[in-house]
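Starting off, we have a lone chain in the form predicted alone, written out as structure tokens.
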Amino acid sequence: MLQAVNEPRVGAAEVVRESHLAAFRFMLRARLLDDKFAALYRTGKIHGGVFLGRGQEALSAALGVSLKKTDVFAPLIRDAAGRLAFGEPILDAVRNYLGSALGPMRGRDGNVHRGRPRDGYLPMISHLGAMISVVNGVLFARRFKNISGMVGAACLGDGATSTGAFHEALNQAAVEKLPLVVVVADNQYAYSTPTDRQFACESLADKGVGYGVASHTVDATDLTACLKIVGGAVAQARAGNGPQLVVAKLLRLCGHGEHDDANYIIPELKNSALGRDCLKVAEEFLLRNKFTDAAQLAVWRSETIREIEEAVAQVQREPAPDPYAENWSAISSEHLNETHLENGH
């Protein structure tokens, strides 16, 4: 495990410090944003589902900070930290959840299927492994254009590894040696189905090995471990060493969504090492290693809360889509139609 106090290289300790602080701030922002969405849902301000990433922030942030803006990222419903690290503004997330017509999906979508494809940030089609093949397609397109040095990352849960989409896309990536990183949040339940009712293999990492994919496991309650393992997998893919599978062990510290009380999660898991809150673990690590202090943590928290409250207040004044005036064609085809009209076609 990477340890700042034992790092021998000149300047490397500062790099470690900065990487931890950057990832932690995205973790904190994601947790506070999720808390606000949960509160808005309970007061009837959000229609549709609200899905929190509580307990998954270290894994998600580690992936987001490991990617470059020229990469491709396909996050899932619990990847608020990774979305923020990849560049999503808080305003985009708030607009999408509150149905603003000014949001990235123009208020047309049910909360979580948001993105900006032209920026390499893909809207989720499904959380059941379907996004791996979409990322593969983008990687193929860039290969045909002789664009190199980039990575595609797809996130999924343990349940998705039982779907045909997962197996077909992972096999394709392995055969074509695509620079793909698949990050599996093994949070012990596929909604309410425990892992022992999902698969019989000893580890989900074995599924990658079977296809000739380099596979890694990580304790996702530990930010240091996530930065090392996830960052290493991204570096391996970027270096041309083919697809990488990262299986992250953790426990979802909330229900599947805010509609779910998660009473099926057994106490033994909650009280185990997997039940640790990665945000608290990371905060304790930063303080113990003197990467920051309690006063600075309080400032970051208050600044983020103010930013979130300002975003919510702004969006609540913005219009929803007008069903009688809205052009309901696909956004991409609408853009193409406008281009054709401009060119006289």
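Throughout, we count residues from 1 along the sequence that is shown. Source: prediction; values computed, not measured.
Just so it is clear, the following notes concern the form predicted together with another copy of the chain, a form of the same protein that is not shown.
Selected contact from L269, A174, A214, C254, since only one has a non-hydrogen atom within 4.5 angstroms of another copy of the chain in the predicted bound form: Only one listed residue qualifies here, and that residue is A174.
In the predicted bound form, the one of Q188, T161, T221, T224 near another copy of the chain [non-hydrogen atom within 4.5 angstroms]: That would be T161.
Residue stretch of 228-236, 81-89, 198-206, 269-277 approaching another copy of the chain in the predicted bound form, non-hydrogen atom distance within 4.5 Å: Among the candidates, contact is made by 198-206.
Another copy of the chain contact at G149 in the predicted bound form, heavy atom, 4.5 Å: Taking the distances in the predicted bound form, the answer for G149 is no, it never comes within 4.5 Å of another copy of the chain.
Partner contact for G240 in the predicted bound form: another copy of the chain, 4.5 angstroms, heavy atom: Judged by the heavy-atom cut-off of 4.5 Å, G240 is well away from another copy of the chain in the predicted bound form.
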